[in-house]
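In structure tokens, the next block holds one chain alone, the form predicted on its own.
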């Protein structure tokens, strides 16, 4: 029974963390779904969101939930700036060009953060109590992160499905030339889509800090880039909603496998969780190469 309780508690925690993973990946899928550009500098923007929450909390005592709109403004502004200075020139270019460009942007942001804030690990603790579920204690801060991730995803869904801007974005995804004939400014839609993707990513960095109290540093994004690509491919690379579902699955796999692997002697469970995640990813792709929601709800 103690093992089952521990497993159940970790799965609950995994679902909560998975919602944040899903939100962190939606920006990556959004950019690829509209612009067909893979942002390999994705983790650097998560890092910027994490530092936004850290500085707002430590310098001005602003709690992380109130840092989210600040991170959104920063992300949208950076997304527009990066699009018009770099990405706009790469629309329709060979894939390697955009890969190198986004990789370079990620490195630039990391080194810029190191220059201004140093390489040290930082963190903060936002303790507002916990809820006792009998099998585990869940901090309210993590529950707020879970709820906020779902709210942001639902807001994005409503924008895409029920507004003229969302209709225009979906039209560009379906048929770029047809959308242009209908009067849609495709360049502006690309810019807006890229900005939204970066905005989502920076916002998710704020929520990530609630799970890594001492892990905020300029190079923290690499791990999240790797996870985001696994989640994106798992859910369907061009589907933001698939990415959100994939985040839940990844969170459950990561925490559930850790509990099970810890039963085996001479095994490092934390290291093997990635092996389990990639194994499940391979199995799913063998069954459905486009991912769980590939081609749906894009």
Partner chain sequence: MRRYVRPMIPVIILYLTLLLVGLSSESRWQPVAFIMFYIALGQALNMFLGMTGYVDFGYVAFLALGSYGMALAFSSFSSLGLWVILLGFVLAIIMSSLLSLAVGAIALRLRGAYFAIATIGVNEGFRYLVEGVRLWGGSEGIIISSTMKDIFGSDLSNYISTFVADIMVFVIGFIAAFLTVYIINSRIGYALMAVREDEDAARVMGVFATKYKIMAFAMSAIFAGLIGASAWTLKLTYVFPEDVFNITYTVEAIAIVMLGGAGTLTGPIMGGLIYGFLRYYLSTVLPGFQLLVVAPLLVLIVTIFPEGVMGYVKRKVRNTRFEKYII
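Positions refer to the first chain, counted from 1. We call the rigid core the largest set of C-alpha positions that still match within 1.5 Å between the two forms. Since this is a predicted model, take the numbers as computed values, not measurements.
We do not show the form predicted in complex with the partner chain, though everything after this point is about it.
Visitor: Does each of 23, 121 and 160 have at least one heavy atom within 4.5 Å of the partner chain in the model of the complex?
Guide: So, no: the whole triplet misses the partner chain.
Visitor: Answer yes if any heavy atom of residue 211 is within 4.5 Å of a heavy atom of the partner chain in the model of the complex; otherwise answer no.
Guide: No, residue 211 sits far enough from the partner chain in the model of the complex that none of its heavy atoms falls within 4.5 Å.
Visitor: Can any non-hydrogen atom of residue 114 be found within 4.5 angstroms of the partner chain in the model of the complex?
Guide: Residue-level check for residue 114: yes, a contact with the partner chain.
Visitor: Residue 95 near the partner chain in the model of the complex, any heavy atom under 4.5 Å?
Guide: Yes, contact at 4.5 Å.
Visitor: In the model of the complex, does residue 101 come within 4.5 Å of the partner chain, counting heavy atoms only?
Guide: Residue-level check for residue 101: yes, a contact with the partner chain.
Visitor: Tell me the stretch among 228-236, 46-54, 245-253, 62-70 that has any heavy atom within 4.5 angstroms of the partner chain in the model of the complex.
Guide: Looking at the partner contacts, the answer comes out as 228-236.
Visitor: Which residues from 268-287 come close to the partner chain in the model of the complex, meaning a heavy atom within 4.5 Å?
Guide: Residues within 4.5 Å: 268, 271, 272, 274, 275, 278, 281, 282, 285, 286.
Visitor: Has the Cα of residue 261 moved 2 Å or more between this form and the one not shown, judged after a core fit?
Guide: Passes the 2 Å threshold, so yes.
Visitor: Determine, after fitting the two forms on their core, whether residue 281 shows a C-alpha shift of 2 Å or more between this form and the one not shown.
Guide: Shift of 2 Å or more: yes.
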